[in-house]
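Presented below, as structure tokens, is a lone chain in the form predicted alone.
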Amino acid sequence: MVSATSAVNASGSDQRRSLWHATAATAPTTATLEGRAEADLVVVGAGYTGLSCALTLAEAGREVIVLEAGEIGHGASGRNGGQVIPGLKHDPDDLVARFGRDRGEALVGLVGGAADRVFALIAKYRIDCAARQCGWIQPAHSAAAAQTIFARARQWSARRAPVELLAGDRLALLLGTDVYVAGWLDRRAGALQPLSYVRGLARAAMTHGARIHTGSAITRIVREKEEWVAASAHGEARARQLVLATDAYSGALWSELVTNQVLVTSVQTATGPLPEALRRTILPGGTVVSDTRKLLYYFRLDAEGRFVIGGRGSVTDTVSDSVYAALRRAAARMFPPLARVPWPYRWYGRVGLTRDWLPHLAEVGTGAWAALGYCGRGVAMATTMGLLLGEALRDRREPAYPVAALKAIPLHSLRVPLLQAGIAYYRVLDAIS
């Protein structure tokens, strides 16, 4: 018997000042889990991974129950920057070296198509989430970083990806700032309203028969004979198959999910809609951006012309005003007029980082699966992982993504002081470079 408890319903920040909550499409109506329910699959977590998996199986006629401690998109799916970026933190040649030529190239193709997969899903289910396949620029913050991204762009170009090296006037024209001297553009990427997107996935899954219960924190998961039982305060859901899709918001749900990754805070702030004249000078190429710093900045304009910038915060669920102020200063260094506009929105959430900087997919028990650790590439990769897992369960075959046992990170109990020291060290490196 396997048993676990969850504290995920008590986690997270106050989202009342989030831009995404202020502008999201209406969520579908859901209810808490009451009494006993049975299905072919129980999914824990109503984010991109869980809902794309549930949608795949519900569309195939399977009975699916999704359980969520908070609201739909309560975790990272409703708190991220809305940048849809293909690929992983590892470059294509690195993946081939790690997994071998055939398996590595297959993985490169899989993750390289992650953004296309998101936009195709949005089009198929007509999800209203301000989606734009507008491209992503990764500008280099130093000469050494420039060499790294030049190699990255060449590797993707060799695999016929629609990418372009950028420098000088061309880069400054697309960004609207000259603080970076080199970069590369990946036209497969884009942007969306992340909370609207996850709510749209939920609506599509429900249309195909999936049952979604919000406000239903799981207090116990056990294996009884050939079924998994996920129990909440007021009910229980039973199924032969179980998917744990809680990632950085797992709490104490399942010990292997906790020790397999470390959590950092990603912090964001946004302006109101900018005046049209100012709006035309910032990112006039229409792209999204995230740079090469160890503690990177990522920024974009939303569909109504609000400037959104994010970066790494603390290793706890407490974010001080000084962190938001630092983001505003960074924005003003790139785009000086932003120093004089209001910034009414601010929010933060958790990012799960794995030891090898790869997302992890594992069968954690007979018929029980977990996918987690997207390392900042969650919009495209969490969706992809959910779809692949759903297809594998539907067709009773191995997932297309490599499956491996979850392993605890050494010294995981010391993660907070170690991460604090690491963040301080990276700030120094970024300042020097």
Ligand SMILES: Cc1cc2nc3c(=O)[nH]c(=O)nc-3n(C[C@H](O)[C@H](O)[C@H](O)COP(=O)(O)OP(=O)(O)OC[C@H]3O[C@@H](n4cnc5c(N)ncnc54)[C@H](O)[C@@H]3O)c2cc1C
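Computed from a predicted model, the values in this text were never measured in an experiment. We number the residues from 1 along the sequence you see.
There is another form of the same protein, the form predicted together with the ligand; it is not shown, and what comes next is about it.
J.: Are all three of T56, R240 and P399 close to the ligand in the model of the complex, meaning a heavy atom of each within 4.5 Å?
T.: Spot residues vs the ligand: no contact at all.
J.: Just to confirm, with a 4.5 Å cut-off on non-hydrogen atoms, which of V64, L389, A370, A382 contacts the ligand in the model of the complex?
T.: Filtering the options by heavy-atom distance leaves A382.
J.: Work out which of Y298, F335, W184, Y180 lies within 4.5 Å of the ligand in the model of the complex, going by heavy atoms.
T.: By the 4.5 Å heavy-atom cutoff, the listed residue in contact is Y298.
J.: So which of 273-281, 260-268, 145-153, 325-333 is the stretch with heavy atoms within 4.5 Å of the ligand in the model of the complex?
T.: Stretch with heavy atoms near the partner: 260-268.
J.: Contact with the ligand in the model of the complex for G81, defined as at least one heavy atom pair within 4.5 Å: yes or no?
T.: Yes.
J.: Should P139 be classed as touching the ligand in the model of the complex when contacts are defined as heavy atoms within 4.5 Å?
T.: The answer is no: P139 has no heavy atom within 4.5 Å of the ligand.
J.: Is there a heavy atom of V42 lying 4.5 Å or less from a heavy atom of the ligand in the model of the complex?
T.: V42 lies outside the contact set for the ligand.
J.: Even though the partner isn't displayed, in the model of the complex is V118 close enough to the ligand, meaning a heavy atom within 4.5 Å?
T.: Taking the distances in the model of the complex, the answer for V118 is no, it never comes within 4.5 Å of the ligand.
J.: With the ligand taken in the model of the complex, which residues across 193-221 come within 4.5 angstroms through any non-hydrogen atom?
T.: Heavy-atom contacts within 4.5 Å come from S216, A217, I218.
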